[in-house]
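As a starting point, one isolated chain is supplied in structure tokens, in the form predicted alone.
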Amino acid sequence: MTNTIPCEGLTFSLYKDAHRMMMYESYYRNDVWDEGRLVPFHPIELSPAANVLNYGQGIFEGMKAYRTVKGKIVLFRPEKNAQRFVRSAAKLAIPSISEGQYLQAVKEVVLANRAFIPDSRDGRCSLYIRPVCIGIEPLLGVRPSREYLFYIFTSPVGPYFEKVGVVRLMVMDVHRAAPHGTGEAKAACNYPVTMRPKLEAQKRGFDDVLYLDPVHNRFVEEAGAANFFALMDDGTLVTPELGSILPGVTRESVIQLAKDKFGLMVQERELDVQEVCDRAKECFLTGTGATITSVETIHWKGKAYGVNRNGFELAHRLYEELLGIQLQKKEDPYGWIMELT
């Protein structure tokens, strides 16, 4: 079956014909994961008392498959997502899915849906991959489930942000995660708290929220679903240190490219929001969905600060390098690309 999905008109949303696609599912019962299988995309039946519906025991990942300029179907650093999935499972007391099973399942579901991978040579569109694991045992007491469902579905998608390339952020008195909590895990429970603030920010003309640390309420952590970078006026590229933020795969890749390709000094440290507003020459977000998205404005304490004095230059250059590797337009010196065909 040949590719039939045009890039034009795709948004970052579930594909309208998802029922035509295949998904993967594997069940954990009696202390063991089954072999898993490909099945048609379908609704999942859960008890009203299912663990995930009452106590939120669920994790997920976000990945993309690309059709490259060489005509290959590829994944970008999928082993990193597998490793993070394993760490997230451990954090939420979910029985471990091996990295091998995770990667094999991802490969199978991508190849089964190859006809739905958009032919986008500029990287705007891709096949989004969503691995999920949830506790499905019916229960009342607060404890880990004894039964789980690991499943993967996919969807052709367009850009994550409606305004492609540049966004405006608003700082609000809401905290996404706390130290020693679940912030570093890709846990479903981390995301509901970001929904109301984002709606409020959008009503005020902004695209997303920039979250600060919950202790001092002054150090930048991340946006709702993306990591944050600031190029300071001394030429140093700074990103918040890990701990209560998600260790993004794109974040790690951008740090490597900034050092190797552009000779930048990169610091992972506490980053005061006022320091960003006063000293940043350029800011951008990174993530599987966002890729690399420039930040035009940060609204903080009643004032909108322009944080682009660099013409978005670094973000554009990093984007071209990263996308060049992902689409096989450029050499991949790191072995980041996994070819499936």
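Note that the structure is predicted; figures quoted are calculated from it, not measured. In case it trips you up, residue 1 is the first one in the sequence shown, and so on.
Same protein, other form: the form predicted in complex with a small molecule, not shown, and the subject of what follows.
None of R77, R124, R146, R84 but one reaches within 4.5 angstroms of the small molecule in the predicted bound form through a heavy atom, and that residue is R84. Among the residues A230, V157, A105, L246, the one placing a heavy atom within 4.5 Å of the small molecule in the predicted bound form is L246.
Partner proximity in the predicted bound form, defined as non-hydrogen atoms within 4.5 angstroms of the small molecule, places exactly one of 107 to 115, 250 to 258, 88 to 96, 67 to 75 at the interface: 250 to 258. Under a 4.5 angstroms non-hydrogen atom cutoff, the small molecule in the predicted bound form lacks C133 among its neighbouring residues. Mapping the unseen interface onto this chain, N308 falls outside it, with no heavy atom inside 4.5 Å of the small molecule in the predicted bound form. Remark: Y191 counts among the residues lining the small molecule in the predicted bound form, judged by a heavy atom distance of 4.5 Å or less. At a distance threshold of 4.5 angstroms between non-hydrogen atoms, A225 is in contact with the small molecule in the predicted bound form. Annotated contacts: K198, S294 and H299 are all free of the small molecule in the predicted bound form [non-hydrogen atom within 4.5 angstroms].
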